[in-house]
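Quick heads-up: it's one chain on its own, the form predicted on its own, in structure tokens.
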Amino acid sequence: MKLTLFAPELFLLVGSLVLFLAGSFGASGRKARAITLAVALGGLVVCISSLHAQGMLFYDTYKVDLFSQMLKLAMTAGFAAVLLFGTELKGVADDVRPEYYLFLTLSTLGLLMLVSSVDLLTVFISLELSSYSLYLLVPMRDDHSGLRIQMESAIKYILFGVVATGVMLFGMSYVFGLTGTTFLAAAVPALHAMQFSPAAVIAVALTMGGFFFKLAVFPFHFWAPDVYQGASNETTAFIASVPKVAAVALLIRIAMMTPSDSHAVVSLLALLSVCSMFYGNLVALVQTDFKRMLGFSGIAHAGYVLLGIVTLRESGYAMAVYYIIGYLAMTVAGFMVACKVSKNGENVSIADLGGLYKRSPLLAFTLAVSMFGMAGIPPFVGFMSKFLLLTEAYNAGLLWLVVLAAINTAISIYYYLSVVRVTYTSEAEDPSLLHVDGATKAVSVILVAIIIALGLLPDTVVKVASEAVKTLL
């Protein structure tokens, strides 16, 4: 067994142990953050160096290929970005910060393991490692308001998560019962051979349920807006971006178990896509809390991602990967601004963004780029990724789905541009300049560059994503 194939995960595992020991010996939150940041940046370097690593580990239950390594790089970058701009960590009490950073690192480790898992049991263990760490992060929010909404959010998060896990396990038991194996590579041809069996369709659909929850696809979305609102701003920035990359990766791996001409699975995915887009966009229209608005818009974006997966073709999967990487950058940028505008870690309403262009021109510009990108306005990545997804859906013969997605894009433009309008045309209640540290400025510039570069020059990422998808099985 080549442990070098496991280098990114091993790096985060060692980092987690160091954080555990540091917390046990009473390390301060500042020291824990420094260790976590070193682990994240070091992990980023390791991910880059192992981008083209290939091989199997742990008795063929763990696959290292271009697909997994590409997404590990994206997730580690998102993890590092959240740490870099979350310097003050205003929403988390001082006495729990060492544990906060430990669970954040463990969750990232679980997500990295998830995208390499090619066995149902490995998938389950990795998913739970990531999920339970996230469940613990939500109630760690400092109780400024006294309403303790973080507790309600945490309970709701874990209850919905447990139900989704139960649904997923039920589906996995069907897969095992039908194929006699837990290895995806062996289960795929067996399920293809029984494509007209209702049991096979139910098995795939229920197994996908766990990842629909992570991605907040309708009707597995109920946790998202409340958890976004109840968790600290920094925690929400992580939950809203990094786990969704892993969810898309596993949805694609599971979708590979379905033959491309399976009408039942295509109909199910198309229905979920439409419901997610309409529900997310229509409810986002009336939101006044910035995080809740992004929560509902995230549900809509989950519907867009399904446009690529519903094609059940390699080209569609590649576009879904391209879309979720762009979404990661845009979401982190939006939440970074929310973290900086918030004075003491409280939630930010859309009205609080008024006059931001005077208080911090860089943050206002970053927010505008993020909103333009999410709305699908050129030349940002949101436009190009939506265009390519719609093209794939059209080529797969899903013209009706393309029309509905286009209508939803038009709806979403209203609330995204409303945020930009408030930022640049309204006056701020508090006109004082915002303090923006050097790390936040650097992250801001990098994110804006990525959002624009991925939109103008998508070829490289799309080509790598296409090659990565071909290595899946």
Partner chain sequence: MDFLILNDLGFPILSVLIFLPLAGGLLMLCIPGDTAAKYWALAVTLATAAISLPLYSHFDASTARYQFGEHLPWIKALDINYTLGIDGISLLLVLMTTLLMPLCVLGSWKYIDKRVKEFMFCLLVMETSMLGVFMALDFVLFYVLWEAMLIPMYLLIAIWGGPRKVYASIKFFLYTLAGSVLLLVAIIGLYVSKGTFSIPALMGQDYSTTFQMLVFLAFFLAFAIKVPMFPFHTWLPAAHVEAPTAGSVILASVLLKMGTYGFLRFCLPITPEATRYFLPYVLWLSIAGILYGGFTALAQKDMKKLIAYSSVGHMGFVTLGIFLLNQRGIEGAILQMINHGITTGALFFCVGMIYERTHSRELAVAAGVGKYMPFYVTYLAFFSLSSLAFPGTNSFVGEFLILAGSFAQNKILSACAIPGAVLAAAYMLRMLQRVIWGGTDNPDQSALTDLNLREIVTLAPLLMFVFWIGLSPEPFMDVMHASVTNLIKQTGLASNGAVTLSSLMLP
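Positions refer to the first chain, counted from 1. Note that the structure is a prediction, hence the values are computed from the model and not measured.
Missing here is the form predicted in complex with the partner chain; even so, the following discussion is about that form.
Interface residue remark: Phe222 is not counted as part of the site for the partner chain in the model of the complex, having no heavy atom within 4.5 Å. The partner chain in the model of the complex is not approached by Thr165, whose heavy atoms all lie more than 4.5 angstroms from it.
The partner chain in the model of the complex is not approached by Ser349, whose heavy atoms all lie more than 4.5 angstroms from it. At least one heavy atom of Pro378 is located within 4.5 Å of the partner chain in the model of the complex. The stretch that touches the partner chain in the model of the complex, counting heavy atoms within 4.5 Å, is 393 to 401, out of 69 to 77, 267 to 275, 291 to 299, 393 to 401. Taking the partner from elsewhere, every residue among Leu388, Ala410 and Leu417 has a non-hydrogen atom within 4.5 angstroms of the partner chain in the model of the complex. When you look in the model of the complex, the only residue of Phe160, Phe103, Phe372, Phe218 with a non-hydrogen atom within 4.5 Å of the partner chain is Phe372. Residue-level contacts in the model of the complex: of Val96, Met384, Ala205, Ala154, one residue has a heavy atom within 4.5 Å of the partner chain, and it is Met384.
In the model of the complex, no residue of 96 to 130 lies within 4.5 Å of the partner chain by any heavy atom.
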